[in-house]
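Read on for two forms of one protein chain; each stands alone as structure tokens, with the labels structure 1 and structure 2.
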Structure 1
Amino acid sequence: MRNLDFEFVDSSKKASKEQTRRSLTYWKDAWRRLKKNKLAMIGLVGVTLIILFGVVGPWFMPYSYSDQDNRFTNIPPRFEIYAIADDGYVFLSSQYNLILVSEKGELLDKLVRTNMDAINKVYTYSYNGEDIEVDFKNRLLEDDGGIDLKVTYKGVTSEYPTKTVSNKTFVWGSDNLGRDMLTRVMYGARISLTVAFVATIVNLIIGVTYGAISGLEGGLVDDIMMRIVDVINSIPLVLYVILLMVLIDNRGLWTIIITLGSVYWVGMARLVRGQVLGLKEQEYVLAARTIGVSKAKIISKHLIPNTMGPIIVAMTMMIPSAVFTEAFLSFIGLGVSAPMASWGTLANDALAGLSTYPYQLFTPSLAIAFTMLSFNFLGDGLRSALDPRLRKG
């Protein structure tokens, strides 16, 4: 072949032969379809928000999860303030502590209670040497005549609250030790999400390895391995999580992670095995075998990458259930130890004071529900985006 047999083609002709549409890889295609799914995108935004909330949030907070302020215990996120002459505003907490607040809702100080007249329902507090009398009779009457409290200061009685303000010091209120709820819920997010993510990864590693080996080996090995899975599957797993937690008896973060991680891999193993059973008959696996690639390499280089879609879907679904299980364990008293708190612990702590301080339960509960909802939406979206059978174009 000599150069003379060929001639150069100018670039315009070359261009016309190029593909008009870029070919999409599996992942690009999946992402394209995921983007079209509104619910999935809401889920993705939600997941991002909750991760940011837990990871970045605490940096912006002036408190730590264990900072206590004994003056301001059980202060709700919103409260009614009463003007005391021109000297400021006060607010009576559910524990009958009189708190001096600014007009905007910043907590300034707790006033000293000098006298308690429990019979007439009048408490006296001292402020700058003057007495403030708080009469809460009407609060306890069936017919309160529209009046809640009567606050008397320097002879002036105010019967109606000046206004309702939001708590500026503790935006989500404070708990029974005067700790900031928002900060605690943020740290709770860290703990709950760490537990969920790490436990899911542990599950993933065990489940994928187990399933891949079982599926690839086949025959007797597969039979025995799947028999074991069947047995584990017929056990109510929550009980075993509890048993393991009791056994290890160390309320650390790692105990929960290890317990959750070691129990919930069965579903993943089944899923991967099913996929591998189909994939291992493919020609490329045969080709790899003929050139002597080891089984470990076939699994890690050929089989697992091709099952990534369903694995990711299963993972997104596993994370909310791990959050759920962790919350549940904390709720029955098997969670991380104080002063750290996961969402479940926070909810459990709030249970005792539910009727008086409901906000302490609402925030961690909402956080749990929000997380579960976001991950579920995302998982549903990923399932339809990654499953080739549901592909519509």
Structure 2
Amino acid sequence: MRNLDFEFVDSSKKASKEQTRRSLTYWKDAWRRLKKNKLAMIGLVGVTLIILFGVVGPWFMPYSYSDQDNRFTNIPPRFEIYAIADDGYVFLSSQYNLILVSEKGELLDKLVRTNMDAINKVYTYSYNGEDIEVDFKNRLLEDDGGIDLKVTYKGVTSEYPTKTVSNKTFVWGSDNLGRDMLTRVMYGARISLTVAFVATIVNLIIGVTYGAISGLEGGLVDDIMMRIVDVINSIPLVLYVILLMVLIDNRGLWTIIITLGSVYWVGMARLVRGQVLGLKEQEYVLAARTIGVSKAKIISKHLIPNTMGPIIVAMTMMIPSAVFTEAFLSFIGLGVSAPMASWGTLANDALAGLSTYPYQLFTPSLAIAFTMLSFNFLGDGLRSALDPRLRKG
């Protein structure tokens, strides 16, 4: 052919038909995939918030988990206040304690009750040398005409609340001993995260090592090691806790940590063993054996690094399980001791007054649910990002 049959294109207009992109490492590629998963990123944000809530939050609170103020017991996060002339505002709690509050909702003091007329449902309180009469019989009637209380002070009666305000002293309310619920939920997050991360470390150290040795050795050694795992896995967790309480003669955070540390690694061991059984026949492992590399180095340099994806996913998914287990054990009375604030302990304490003070149960329950959902969303996203069989672009 002659050159005249062709029209040469300027080099600036040329475009490659092959679409290329910058080369990424395994972990960079996994992060790129993870960022595309909206639920996983929501879970990551939720996990970060929970960690900040439990670790950093208590530093900014004016109370500790054990600080009590018996004047302000069972005060809800929001309540109705009644004006008493020009002298301030009052709030009648569910225990019929009259609390002096500011217009913004700050709890100032508990007024002294001087008289109780249980028949007519009228209680009298003393304030600045004057009597405050509170008529609450309408609160007990089905048809109260919209009037809940009648507060009389210096001859002036208030039949309707001035307004509803938020509790500025205890943002999430107080419990039956006058302790701040927000602070106690924060400390409960510390306990749950401590248990969860200790279980994770134990999984990483014991479970991975045990499973890798079992899978690499194979044969009789593998059978014996896996039967030990079956025996440990067959005993109920509550029985472990009771047995350890008898042996240690103590009930507290360390009992739960020791219990979870002694049994939670079995699932990780099974997972790693299955991964190692598939990897130990690979060429690079056979080559390492041929040149005389020790089994310890084969495990640490070749097998475990190539199973880190499933290991990370499994650890992320087991953290919410550990959180729930700790809350369950504390809920049934086998967890941390008072006055320590675990989410399970808070839920158990709130059961007695559930119908009257529902917020005391809702706050730790929502914290447990939020934590478990966040870790589950993150774990599901990590599984999609790290597992080659589940990758999609």
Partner chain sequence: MIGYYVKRLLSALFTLFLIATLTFFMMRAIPGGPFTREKPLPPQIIAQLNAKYNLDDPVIVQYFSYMKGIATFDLGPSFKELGLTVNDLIKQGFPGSMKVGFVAVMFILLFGIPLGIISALKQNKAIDHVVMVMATIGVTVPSFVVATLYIYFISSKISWIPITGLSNPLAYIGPAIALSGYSLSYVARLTRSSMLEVLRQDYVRTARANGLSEWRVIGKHALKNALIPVITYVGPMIAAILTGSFVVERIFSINGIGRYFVESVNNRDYTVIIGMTVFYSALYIVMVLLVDIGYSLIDPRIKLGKRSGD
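Just so we're on the same page, residue numbers count up from 1 along structure 1's sequence. Whichever C-alpha set is largest while still superposing within 1.5 Å between the two forms counts as the rigid core. Since we're looking at a predicted model, the values are computed, not measured.
Taken from the structure described as the form predicted on its own is structure 2, whereas structure 1 is drawn from elsewhere.
Taking the rigid core as fixed, one finds a CA shift for Met308 smaller than 2 Å between the two structures. Superposed on the core, the two forms differ at Leu243: its CA moves 2 Å or more between the two structures.
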